[in-house]
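A single chain comes next, written as structure tokens; it is the form predicted on its own.
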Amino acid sequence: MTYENILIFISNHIMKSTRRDFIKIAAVGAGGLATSGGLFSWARANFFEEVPNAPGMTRTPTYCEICFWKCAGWVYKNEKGEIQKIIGNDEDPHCNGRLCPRGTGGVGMYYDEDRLKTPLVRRTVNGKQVFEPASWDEALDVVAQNLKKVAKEHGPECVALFTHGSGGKFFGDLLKAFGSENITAPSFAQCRGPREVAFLSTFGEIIASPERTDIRDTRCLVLIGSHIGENMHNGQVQEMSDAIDNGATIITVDPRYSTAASKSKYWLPIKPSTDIALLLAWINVIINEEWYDKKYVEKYCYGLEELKNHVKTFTPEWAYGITTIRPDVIYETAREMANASPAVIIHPGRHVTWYGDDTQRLRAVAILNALLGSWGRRGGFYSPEKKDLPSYPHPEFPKPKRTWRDAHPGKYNLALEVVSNDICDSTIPSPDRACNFKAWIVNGTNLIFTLPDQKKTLEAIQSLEFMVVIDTMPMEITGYADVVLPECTYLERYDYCRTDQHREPNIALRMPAAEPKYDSKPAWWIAKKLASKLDLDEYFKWNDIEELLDWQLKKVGTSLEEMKKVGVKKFPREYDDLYFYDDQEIQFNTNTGKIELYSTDLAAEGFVPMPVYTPHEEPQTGFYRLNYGRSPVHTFSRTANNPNLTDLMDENVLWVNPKVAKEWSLKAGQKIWLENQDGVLSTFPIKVRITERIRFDSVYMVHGFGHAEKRLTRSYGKGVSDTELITNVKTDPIMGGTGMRSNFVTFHVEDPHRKEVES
């Protein structure tokens, strides 16, 4: 095996001598959970049941941290103070009192005995790098000393924060006080970024989270690679169910017969990578047949004539030869959309970083919605509101001398957030780059699984002078840290209140249902203590989190005491503008003040102002496009070790078409290894699922499995990591997102690693 492959396949943790060895987290600190056997069994067996009305049961409010939807709920404890289960809060518009399996399974995160238990510091003992347990004071001293060293030698701007989750706001404030604004969430460049840039350049507003889709009132819902029902975005799943009951037409475009496809009137098993061609053909039909909302488009849109000329050759017949979708089906589905207009949604999706031209694909989605008049209309896209809480008084943050953009001047000018993979690239020294990042703070995101091209991620990590990882679990990224800080789970801590957008402004409280287990701490405590060691106390003047939250809540007419009782508080909308009213005069936040079918933003940056179809790579003989997606019971790699959720699904499988299985003589349940187009082998095998529900030119697996960290005792070696096979990354030139679906795999029926060892 080559050194490059060894960097990627970290499963055995056998690496040549590097500055930063991978260290397996040992079972240090507090011992395992003494009562885990009985209590685990109870939690696993009962977490779907109704809440018992037993004497002594108490409840505390929370909002879920398993996914970004952050549903509000109640945590129930017995008379011994043991967490028993979590249910939804009836007043919460995100969940309407109902949690998904992941939300109810959150109790498993609390009781997981594999959790990080104590701070760890990397040291060299007898020539070998090891982690040693440390006190919090000692560990934070090491962090502070190294951050100060980087700031003194290179400037504070050379420190970057990767974060995902509610606690990241505290570390973001800390980094801004330190003098850096290089704060990134992989959810932008690896997930939703193209849609936000596309919709902003079209409507002057982003989609944001939760999505502003009015699914409950729609008459036609079009899903293009959006797996509602498997991604389990709670509110959308409930609203889609209501829409189906009300007779809405569902159109699903997907090379896989997904759960959503099974509920659809139309399933279009499109050839992968050809979605823009289908979208352009739909636009062609709707314009040529004059099925668009003429009054809406005339009043609100800019660039109709340019769009007409642009799409005149993109006929259904043209698209048929590209997409394999018959022209009559393209016409018929376009008619369904038009008949439902304006109560129609061409869904923008969530994970939309596919082929590198993703902003342009989402531009086509936005244009189609504009032509059908769905933006700002009932059954289309509503105007959300949120209740902002004021920031606790503090001095102005210092203005950084440099930002992440200085590493690549002129690139990604339309990116709305810091591009995570660009931070990674800019950490690797280069003679062409004036700015390199020297230290990372990583909170709640397993970058080994989150960022594509693991070789580059590991090269960046080896280039760092210092890295601190703050997490609840010993994920792969922790093995490369200089300091590991154990964060307590969301059930054991306060965080900032949830203030996300919805039809009604609302806030939700998270408070600790129990004391932190082991020697773990909440993010607010870690950030405040670290701020003190960095001489930044003035930015964290509140004494504790309760003082901070109570001050904020009283500024908007409530209090911490009230929120502890209700969990969720709704507020009246400031404006009666959930939808546009007839003939309303609207100034859109675009250069023209209108919905831009022709994007002046893109034109000004030198990009084509209207989307075009560009052919993408095809698999060579014997290879199949690697598609990946979500499970309704797991959130990426974060929950693969959760004892409650692992009981429901403990590994992924590979969907293979029967035609392909016959060619390879594959059997259902057979274990095989995968090899991608660049010769990268899967570390572990994966079981075959033979099904007609996947096209013959593709295979499919659920993302988040194949963990190579042995301390994750339930998920180690279970299934295959799609991330390690994603080495061909297509960067979106508009906003920097990473297109990850141009990777192809072939099969090995015998362990190829054994052959490598023998050779």
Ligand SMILES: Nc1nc2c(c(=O)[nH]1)N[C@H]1C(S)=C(S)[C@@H](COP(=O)(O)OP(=O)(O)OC[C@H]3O[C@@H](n4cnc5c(=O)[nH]c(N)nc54)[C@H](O)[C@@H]3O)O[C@H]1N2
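Note that residue numbering follows the sequence shown and begins at 1. Everything quoted here is computed from the prediction, not taken from an experiment.
The form predicted together with the ligand exists for this protein as well; it is not shown, and the discussion that follows is about that form.
*Quick one: of 108, 685, 225, 373, which gets a non-hydrogen atom within 4.5 angstroms of the ligand in the model of the complex?*
Among 108, 685, 225, 373, a heavy atom within 4.5 Å of the ligand in the model of the complex occurs only for 225.
*Would you mind picking the one in 594, 377, 387, 256 that has a heavy atom within 4.5 Å of the ligand in the model of the complex?*
If I apply the 4.5 Å criterion carefully, the residue I get is 256.
*Considering the ligand in the model of the complex, find the one stretch among 122-130, 144-152, 390-398, 469-477 with heavy atoms no farther than 4.5 Å from it.*
Going through the listed ranges, the match is 469-477.
_Given that the ligand is not shown alongside this chain, does residue 356 nevertheless sit within 4.5 Å of it in the model of the complex, heavy atom to heavy atom?_
Looking in the model of the complex, residue contacts with the ligand do not include residue 356, since no heavy atom lies within 4.5 Å.
*in the model of the complex, residue 632 touching the ligand (heavy atom, 4.5 Å)*: Within the cut-off, so yes.
*Distance check, residue 426 to the ligand in the model of the complex, heavy atom within 4.5 Å*: Close contact is absent here: in the model of the complex, residue 426 is far from the ligand, nothing within 4.5 Å, heavy atoms only.
*Report whether the minimum heavy atom distance between residue 230 and the ligand in the model of the complex is within 4.5 Å.*
The answer is yes: residue 230 has a heavy atom within 4.5 Å of the ligand.
*Any residue of 710-739 with a heavy atom within 4.5 Å of the ligand in the model of the complex counts; write them all down in order.*
The stretch 710-739, when checked against the ligand in the model of the complex, contributes 722, 723, 726 at the 4.5 Å heavy-atom cut-off.
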